[in-house]
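First, one chain by itself: the form predicted on its own, in structure tokens.
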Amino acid sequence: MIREKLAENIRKALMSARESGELAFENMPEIALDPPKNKAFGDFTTNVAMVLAAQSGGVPREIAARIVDKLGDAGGLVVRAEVAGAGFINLYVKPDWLHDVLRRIGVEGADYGHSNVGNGEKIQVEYVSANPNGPITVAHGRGAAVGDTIANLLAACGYDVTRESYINDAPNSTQMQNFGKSVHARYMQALGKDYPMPEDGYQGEYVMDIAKDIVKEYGEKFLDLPVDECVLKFTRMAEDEMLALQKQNLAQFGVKFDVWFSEATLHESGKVEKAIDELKKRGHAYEKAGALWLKSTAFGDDKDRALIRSNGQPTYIAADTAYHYDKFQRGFDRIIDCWGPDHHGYIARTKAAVAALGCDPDKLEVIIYQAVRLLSGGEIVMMSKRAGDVVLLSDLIDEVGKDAARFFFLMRSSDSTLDFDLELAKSESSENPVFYVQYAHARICSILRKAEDVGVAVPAAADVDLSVLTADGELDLIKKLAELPDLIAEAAAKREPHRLTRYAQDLAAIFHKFYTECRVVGDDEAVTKARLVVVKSTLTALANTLTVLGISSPDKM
């Protein structure tokens, strides 16, 4: 696209200035090109002269002047280039580049905005990874939206993406044992027995629902079983039911995984022992006070971590170490984990374990997403108590819909706390960002239907005289369309899906302005055809953006 072509010509200008002795620098700087806030300052602006001045000294405006002199017309792309402010370079590009944008969208269609920068590199994205002892919550929902959209972004950029969720179902874990005990207690109570809940039991109504289901199917069959045997059986039954419910909740949210990886299989297959043996072989594990420890401080952790407790049971870190070792052995070029805010302290120890096993810790990337607060009228609300003290994702979807839930989860950077305004998400007004964006898509569909009703078909961009597109509303809209390929590539590289929600809102706003200022189907046939191309191109770009976000593109509202 135009940014790539301009950046390449600026690099050539810099090389020419260095070879002639007019500029001195060691490393070629990154060339950022952005639309200026004021349209009067050109189509693109770059601060490369100021970057060079910081790197090698010199006056930014003088460096900018030398670059402009060497740049010329940038291979026929630029009408003029000017030095502005403290050393910015403003570029005024020949208007026919915008016509190329429309032609490209017409050719690429649903692939517009996609690229092959990933070149098939294998990336695993792990997200959600909820314990199978409860339904999917709103907190999991944000992680699901972030992880799923990052996976979509990477796939759109040509990476070979595997979506995976880790099931924390180790049979001896305290959480799963407490879950089984809770179901057992509710089973006894459902049969009219005076039976206490365990001190650390799960209080959500869903536990009682599971117990009632067991009673309905088996009646009093398990009353005479030893408690330990009954708890083990109920743990497995409840886990299966919860896992099925989690998959259902996530599918309702538009999230499906390629792999559901069970922690229990790590223990059953001996992979935990194999990973520990590898650590021992490499000299990175030692015994102390009857326990086995990982020398994680040798790899940047703040303290060494226990792998095997003094009672012989493996720790959570042991299983997590084996899991990540398994990931690397599966041949992924890069591994991305999306974790909740309470897992920040696990990053250093996990990377240390990976390094101790001889894997490259830089190939393991951890994204921490922050908490969600549900608000109504400015007050924090709890919509349901079915899960105890948390809100279920299914309840949120019932309240605001899947599309609004995903869009709102993705509106802010994942590393910032999100305030989710329930009333705003439900409103059918321009104040609701997802409604505003989807309404733009529906409005475009309506325009195209009305054109078809009067016998005007949308022509191919290659068959239209696009030089008639001279109004500001038209040009601003096409310039926004041109940003999508670079935006998707940058959002994927930086793991920042919130950039797409911002783009979708901006594109919708610019389209609504265009629609107000520019009559699409009018008396001038040439203008009508050209504007229909713009409208159809906007439909394509908006739909492609929403698809990556995992949000539907309605044709009527």
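So that there is no doubt, residue numbering starts at 1 and follows the sequence shown. Throughout, rigid core stands for the largest set of C-alpha atoms superposing within 1.5 Å between the two forms. Computed from a predicted structure; not experimentally measured.
The form predicted in complex with the RNA exists for this protein as well; it is not shown, and the discussion that follows is about that form.
Novice: Indicate whether the RNA has at least one heavy atom within 4.5 Å of a heavy atom of residue 341 in the model of the complex.
Specialist: Within the cut-off, so yes.
Novice: Would you check, heavy atoms only and a 4.5 Å threshold, whether residue 39 touches the RNA in the model of the complex?
Specialist: Result no; residue 39 lies far from the RNA in the model of the complex.
Novice: With the partner left out of view, is residue 278 within 4.5 angstroms of the RNA in the model of the complex by any non-hydrogen atom?
Specialist: It does not: once the RNA is placed as it appears in the model of the complex, residue 278 has no heavy atom within 4.5 Å of it.
Novice: Against the RNA in the model of the complex, would residue 498 count as a contact residue? Criterion: heavy atoms within 4.5 Å.
Specialist: Within the cut-off, so yes.
Novice: Give me the residue from 362, 428, 268, 194 that has a heavy atom within 4.5 Å of the RNA in the model of the complex.
Specialist: Among 362, 428, 268, 194, a heavy atom within 4.5 Å of the RNA in the model of the complex occurs only for 428.
Novice: Among 376, 203, 252, 446, which has at least one heavy atom within 4.5 Å of the RNA in the model of the complex?
Specialist: It is 446.
Novice: Mind checking whether each of 328, 330 and 471 has a heavy atom within 4.5 Å of the RNA in the model of the complex?
Specialist: Looking in the model of the complex, the three residues 328, 330 and 471 all stay beyond 4.5 Å of the RNA (heavy atoms).
Novice: With the RNA left out here, work out from 268-276, 106-114, 315-323, 231-239 which stretch has heavy atoms within 4.5 Å of it in the model of the complex.
Specialist: One stretch meets the cut-off, namely 315-323.
Novice: Using a 4.5 Å cut-off on heavy atoms, which residues of 73-89 contact the RNA in the model of the complex?
Specialist: Contacting residues: 84, 85, 86, 88.
Novice: On a rigid core superposition, would residue 87 pass a 2 Å threshold for CA movement between this form and the one not shown?
Specialist: Yes, the C-alpha position differs by at least 2 Å between this form and the one not shown.
Novice: If we fit on the core, is the Cα of residue 501 displaced 2 Å or more between this form and the one not shown?
Specialist: Comparing the forms between this form and the one not shown, which are aligned on their rigid core, residue 501 does not shift its C-alpha by 2 Å or more.
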